[in-house]
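Just the one chain here, laid out as structure tokens, in the form predicted alone.
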Amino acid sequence: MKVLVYSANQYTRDMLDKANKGCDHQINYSDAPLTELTAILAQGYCSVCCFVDDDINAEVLRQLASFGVQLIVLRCTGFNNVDIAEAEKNRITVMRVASYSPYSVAEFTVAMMLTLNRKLHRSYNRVKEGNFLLDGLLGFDMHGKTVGIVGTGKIGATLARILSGFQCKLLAYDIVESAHCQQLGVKYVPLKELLQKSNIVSLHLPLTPDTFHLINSDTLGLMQDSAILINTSRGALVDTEDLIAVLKQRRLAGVGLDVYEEESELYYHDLRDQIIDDDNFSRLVSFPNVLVTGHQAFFTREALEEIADATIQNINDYEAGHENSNTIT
């Protein structure tokens, strides 16, 4: 099958080329993201391969269909950037990578917790400047603290297993309770109770109409002033303006964000020589107790290999007409 890969970084090319060895797919790459302006690049292709920030809206899908594109393969789990109804209308099959190394995101989440708690980012910068004072760097023992895990799919459950090694008290909220988490001693409670009782709250939910801005002024108001909030899932789970308002009130001890609801214009680009005119983002990174990273929680060698292998397998299965649980439409 002839495939055009959008938003193709060098590591994406390397991993897909490796996974494609032994297969007959003709894979070409473009650095450009998929948008209404770049959809025309897909002329002559049967399939396009996309990432989290590619904009696969109704107009893009209509263009792709007119070019003869039959398959969209996503190199990610989430598909909130795809107009699924329009894809079905245009008879375009959409496939994703339903799961890959849950350890990559879960371990990164713990790294964020520890960094914010023990002020490692601030200490690192101080020492480089020759400042060895400990003032303002006081943290707390993770042992015995309560961590609330919002969403206990594979990543949330893996996080629970890691945190059980710290002997944390674990609370969870999800519409489906994980038997694995229950075996670890995780206690499922309503979201309100989780937010009120947790020293650390970590988000691990997909972005849906029901979870959009789940963390807002009301839910933030339930959290302890000394709590830490971590989001390594989808940016729009958190209402950024409401979060900024809470931070300006000197509430929350720390916030770790690997994702941001308006990240598509920022992330995976080198903007060092440009002015970032997103005022909310600029305000967020100005807080000393906020740690922002560029959607890198998934970024391990193992995860990339699993994503590439699953992507090629999706193409293989579609071409062969085989059923595949990764199929969305």
Ligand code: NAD
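Note that the structure is predicted; figures quoted are calculated from it, not measured. Each residue number is its position in the shown sequence, starting from 1.
One more form of this protein, predicted in complex with nicotinamide-adenine-dinucleotide, exists but is not displayed; see below.
Stretch 202 to 210 is the contacting one of 138 to 146, 247 to 255, 202 to 210, 113 to 121, since its residues have non-hydrogen atoms within 4.5 Å of nicotinamide-adenine-dinucleotide in the predicted bound form. This chain appears without its partner; in the predicted bound form, the one residue of 85, 133, 176, 179 with a heavy atom within 4.5 Å of nicotinamide-adenine-dinucleotide is 176. The three marked residues, 8, 27 and 33, fail to reach nicotinamide-adenine-dinucleotide in the predicted bound form, with no heavy atom of any inside 4.5 Å. Heavy atoms of residue 61 never reach within 4.5 Å of nicotinamide-adenine-dinucleotide in the predicted bound form, leaving it off the interface. With a 4.5 Å cutoff on heavy atoms, residue 281 does not count as touching nicotinamide-adenine-dinucleotide in the predicted bound form; it lies far away.
nicotinamide-adenine-dinucleotide is not shown here, and in the predicted bound form it never comes within 4.5 Å of any heavy atom of residue 159. At a distance threshold of 4.5 angstroms between non-hydrogen atoms, residue 259 is in contact with nicotinamide-adenine-dinucleotide in the predicted bound form. Contacts between 137 to 154 and nicotinamide-adenine-dinucleotide, taken as any heavy atom within 4.5 Å in the predicted bound form, involve 151, 152, 153, 154.
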